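Heads up, the chain below is alone and in the form predicted on its own; it's given as structure tokens.
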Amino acid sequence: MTDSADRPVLAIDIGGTKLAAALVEESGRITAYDRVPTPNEPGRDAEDLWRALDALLGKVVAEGGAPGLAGVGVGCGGPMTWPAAEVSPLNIPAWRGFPLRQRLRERHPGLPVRVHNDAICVAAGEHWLGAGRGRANVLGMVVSTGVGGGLVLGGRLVDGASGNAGHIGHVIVEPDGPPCGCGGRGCLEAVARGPGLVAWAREQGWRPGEPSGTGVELAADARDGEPVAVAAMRRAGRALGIAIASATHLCDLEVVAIGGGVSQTGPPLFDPLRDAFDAHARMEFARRLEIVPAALGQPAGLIGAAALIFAPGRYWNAD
């Protein structure tokens, strides 16, 4: 417990498709929430994005009516310098070296402001109050616009040398596979991210009912048995299963909790995922792994961002 248990954390989740913010109590209860689309259109600059975020935060704090805040916790797409949080999200071109932590400190003087990778916040949230609660060795994953992850080993978040430990999205699953935004080829993210799945499905002849052709629609078609959509999810599931097998052989995990929009596809994704995991996880200790949907659902990243403030002994190892 903190000495500010009666004050909520302003929790923020920044991604390529949406900006979300909430007031989160120490129990994990969300008392105010809102989200807006990320202003990610061509021609938008860094200040356009900051103004959208600033307006969202003001609205959430006003609606929550809290007498004060315990701090500000943030999950943001990477890469970033850590813990300074100068952020350059691959899916947000307008921000390159944007001083997010410093700008939030200026907005909230005197409060602790802690920023980590968005997928790392999902891992922290799932370990704190979700599918990994009570377990010491957990990988939390996000499969959405991108693919990311965070590691809790021995009951504590592992940051690594640069704050990027657990970044499973850039494990290679197809050495001669599609190009990735990181500059490599065949990364898990390149194969399994939502926009990549949509592009692959279109190349294979998928014709969505709407011109946009979103990952949500692709997932719905897969659940309905549309052959190309099913093949796309099978391809993503296989890549995820291979990467998770490698991760658990390396880290001796107990639970992998998978969140994000693509993960909500259900059996068309999780069935081939588990088949691929079973085929590649041959060590007996690895085969005990539990692979489950994130228990906290879409708020997992916000709850994990709050954990950076409420439980720093487990989830924050910097200043």
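All residue numbers are counted from 1 along the displayed sequence. Please read all numbers here as calculations on a predicted model, not as lab measurements.
Separately, the form predicted in complex with a further copy of the same chain exists; it is not shown, and the next lines address it.
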For the three residues S162, E254 and R282, verify that every one has a non-hydrogen atom within 4.5 Å of a further copy of the same chain in the predicted complex; reply yes or no. yes
Pick from A231, L153, A199, A84: which residue has any heavy atom within 4.5 angstroms of a further copy of the same chain in the predicted complex? L153
The one option of A94, C182, L111, L129 with any heavy atom within 4.5 Å of a further copy of the same chain in the predicted complex is C182
Using a 4.5 Å heavy atom cut-off, which stretch among 237-245, 98-106, 67-75, 121-129 contacts a further copy of the same chain in the predicted complex? 237-245
Using heavy atoms and a 4.5 Å limit, would one call V158 a contact residue for a further copy of the same chain in the predicted complex? yes
Answer for I168 alone: is it within 4.5 Å of a further copy of the same chain in the predicted complex, judged on heavy atom distances? yes
With a cut-off of 4.5 Å between heavy atoms, is N137 one of the residues that contacts a further copy of the same chain in the predicted complex? yes
Taking heavy atoms only, is P175 within 4.5 angstroms of a further copy of the same chain in the predicted complex? yes
